[in-house]
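Below, in structure tokens: the form predicted on its own, a single chain.
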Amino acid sequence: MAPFVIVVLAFYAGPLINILWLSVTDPEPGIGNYQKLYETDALGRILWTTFRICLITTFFSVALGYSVAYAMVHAHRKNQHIMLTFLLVSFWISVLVRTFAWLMLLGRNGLVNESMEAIGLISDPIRFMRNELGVLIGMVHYMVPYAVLPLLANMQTLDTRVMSASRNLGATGTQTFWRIYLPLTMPGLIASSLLVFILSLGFYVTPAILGGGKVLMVAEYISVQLLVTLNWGTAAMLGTLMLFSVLALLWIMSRFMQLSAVFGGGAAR
């Protein structure tokens, strides 16, 4: 047992401790790196951009994920297997491949613009790339499967007799959904939102490629600090900030759902 603990500490805890140490020692000991959060306007704008994009991505991903999970739960068993297969396949496709696919589709001469021009919807190509719109499309597409998993785990545990009782007592389908079904799926909804938000915080590939340097998020800024300007202390400070933000969100998420249930490892509370 002891060797495994040492391996875990060496490969996981060690780098994290090193980041924490760098954030208060590079370039000089103190909290100078953290003071930049208040003194540097650029850092504030990057953090706000990251928070705004993560929030919008979470909203649309969870809304689409809720629809997909609802359809899966209420579909015929054969169709459920087909939908689950498509969901799992989406996990196996690299984020780089998906991003380059959107790069081809959303370009000035891409399939989307050419199709809309061909049917007369637009006269000039829409600028999808190198802005937040392109980044949001790519991120939402990637995050929807992650939004589905907690919702699916939650919806599969619901007692359908409660909904049947509601209908038998005279409630319409809409009333049953808003007053019974939606409140019962709230734990899954919150867990799904937190999971997508956490994953969005560290997104790097899609904003870097579809944003084209015009949409700078925290992960890409950390990369610039490490590889270009060599400000390791600033990068470590931002990494520490993200680490504690994620830990706080995971703690909140654990209050609503077992974390193992997010990946199908157990039932929701």
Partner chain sequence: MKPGLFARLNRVGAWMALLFLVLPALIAIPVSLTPKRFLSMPKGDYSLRHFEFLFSSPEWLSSFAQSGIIAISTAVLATALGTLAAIGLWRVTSKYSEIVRAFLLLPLIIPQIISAMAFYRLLIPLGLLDSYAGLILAHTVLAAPMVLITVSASLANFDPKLEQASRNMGAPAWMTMRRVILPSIRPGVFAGALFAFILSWDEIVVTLFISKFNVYTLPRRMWNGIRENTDPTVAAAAVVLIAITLAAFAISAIVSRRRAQTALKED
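Numbering follows the first chain given and starts at 1. Just so it is clear, the model here is predicted, and its values are computed rather than measured.
One more form of this protein, predicted together with its partner chain, exists but is not displayed; see below.
**Request:** Heavy atom within 4.5 Å of its partner chain in the model of the complex: which of V144, I180, I190, L149 fits that? Just give me the one.
**Result:** After the contact test, the surviving option is V144.
**Candidate site W48, L55 and L133: all three near its partner chain in the model of the complex by heavy atom within 4.5 Å** = So, no: the whole triplet misses its partner chain.
**Prompt:** So, in the model of the complex, is R127 in contact with its partner chain at a 4.5 angstroms heavy atom limit?
**Reply:** Contact check for R127: no, nothing within 4.5 Å of its partner chain in the model of the complex.
**Prompt:** Could you tell me if L195 has a non-hydrogen atom within 4.5 Å of its partner chain in the model of the complex?
**Reply:** Yes.
**Message:** Can you tell me if L37 lies within 4.5 angstroms of its partner chain in the model of the complex, counting non-hydrogen atoms only?
**Reply:** No, no contact at 4.5 Å.
**Asked** Quick one: does G202 come within 4.5 Å of its partner chain in the model of the complex, counting heavy atoms only?
**Response** G202: yes, in contact with its partner chain in the model of the complex.
**Asked** From first to last in sequence, which residues of 52-88 have any non-hydrogen atom within 4.5 angstroms of its partner chain in the model of the complex?
**Response** Counting only heavy atoms within 4.5 Å of its partner chain in the model of the complex, the contacting residues of 52-88 are L64, S67, V68, Y70, A71, N79, H81, I82, M83, T85, F86, L87, L88.
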